[in-house]
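Coming up is one lone chain in structure tokens, specifically the form predicted on its own.
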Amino acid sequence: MAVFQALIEPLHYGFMQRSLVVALLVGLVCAIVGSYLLVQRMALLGDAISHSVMPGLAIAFILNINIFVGAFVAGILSTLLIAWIRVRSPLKEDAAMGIVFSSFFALGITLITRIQKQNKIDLNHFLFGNILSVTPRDVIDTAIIVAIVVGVVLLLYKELLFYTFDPLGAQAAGLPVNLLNFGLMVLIALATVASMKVVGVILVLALLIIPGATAYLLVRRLYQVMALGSVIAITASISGMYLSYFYDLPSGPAIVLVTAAAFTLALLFSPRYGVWVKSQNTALPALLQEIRQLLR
């Protein structure tokens, strides 16, 4: 009975109700989009887009327009710029991403610092998130973003699946691979925008990657990774919110730490890939064997 009362207590407050709804929505959308990033080994791209939204946030604040719009435009612009540098120069995609996201992030920090000095306000929640400040309008905006992302994934699931695992084969089959790639970047930008209030642009990569990575250690197929990753992300988001409420912790980092704990458990005890399980089947882990050989 006491446990049930503890679970119900935060729901008496409107800000916690809104925060939990947004946490649930963000957990769902990040796990779905992050699964594609994980399979394509493009985690750095998620980091690039999440950092590149900073100038858009600042400019939207200056122009007094919806920050979601500014962040989305900046995210898409950074994606196009990465593609342009990759096509027009001999640089690889990872170098282009590093250049763009660091430059955009530096510009965003500069603009936000100037705004804070001139207006005497704190905009650090853009960096680290502040889900407890979610407004009813934020809930609606997040729900719209999630509906768009999930709708697109359901509509183009087979095409995105083909492109994700075999881009050359998809191109040979006549699929518009460049359009699919750009569409995937748009979905990542939308997921990043939706996650800003929850964990901020610095920690958003954790929500994009860790739930899917955890699921990847436990199941085989992409749709299973998406489904289980969504469950893990939603559970972690809600658990993090309760930890934040009862123990006075920052909400964004608390959510990320819960996802990290889930990943650690999967890494240790996964039936197929678990470090602990494998160590029981071998005389000595490979790393320890190498260390022992070096010490001889």
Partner chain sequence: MNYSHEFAQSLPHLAATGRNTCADLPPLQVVGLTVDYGKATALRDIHLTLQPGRLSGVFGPNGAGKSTLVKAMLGLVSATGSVVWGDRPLAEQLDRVAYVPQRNQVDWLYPATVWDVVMMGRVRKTGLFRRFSATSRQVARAALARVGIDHLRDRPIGELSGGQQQRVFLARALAQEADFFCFDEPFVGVDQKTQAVLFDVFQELTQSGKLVLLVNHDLGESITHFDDLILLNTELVASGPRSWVLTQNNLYRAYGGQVSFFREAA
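Here the structure is a predicted model, which is why all the values come from computation and not from measurement. Numbering follows the first chain given and starts at 1.
The next section is about a form of this same protein that is not shown, the form predicted together with its partner chain.
Under a 4.5 angstroms non-hydrogen atom cutoff, its partner chain in the predicted complex has residue 171 among its neighbouring residues. Mapping the unseen interface onto this chain, residue 43 falls outside it, with no heavy atom inside 4.5 Å of its partner chain in the predicted complex. Among heavy atoms of residue 260, none comes within 4.5 Å of its partner chain in the predicted complex. Proximity of residue 272 to its partner chain in the predicted complex: non-hydrogen atoms within 4.5 Å are present. Checking 267, 62, 231, 39 against its partner chain in the predicted complex, a heavy atom within 4.5 Å turns up for just one residue: 39. Checked against its partner chain in the predicted complex, the residues 88, 117, 220, 137 give one hit for a heavy atom within 4.5 Å, which is 220.
Three-residue candidate spot 72, 81 and 148; no residue lies within 4.5 angstroms of its partner chain in the predicted complex by any non-hydrogen atom. Picking from 161-169, 139-147, 103-111, 191-199 the stretch near its partner chain in the predicted complex, with a 4.5 Å limit on heavy atoms, gives 161-169.
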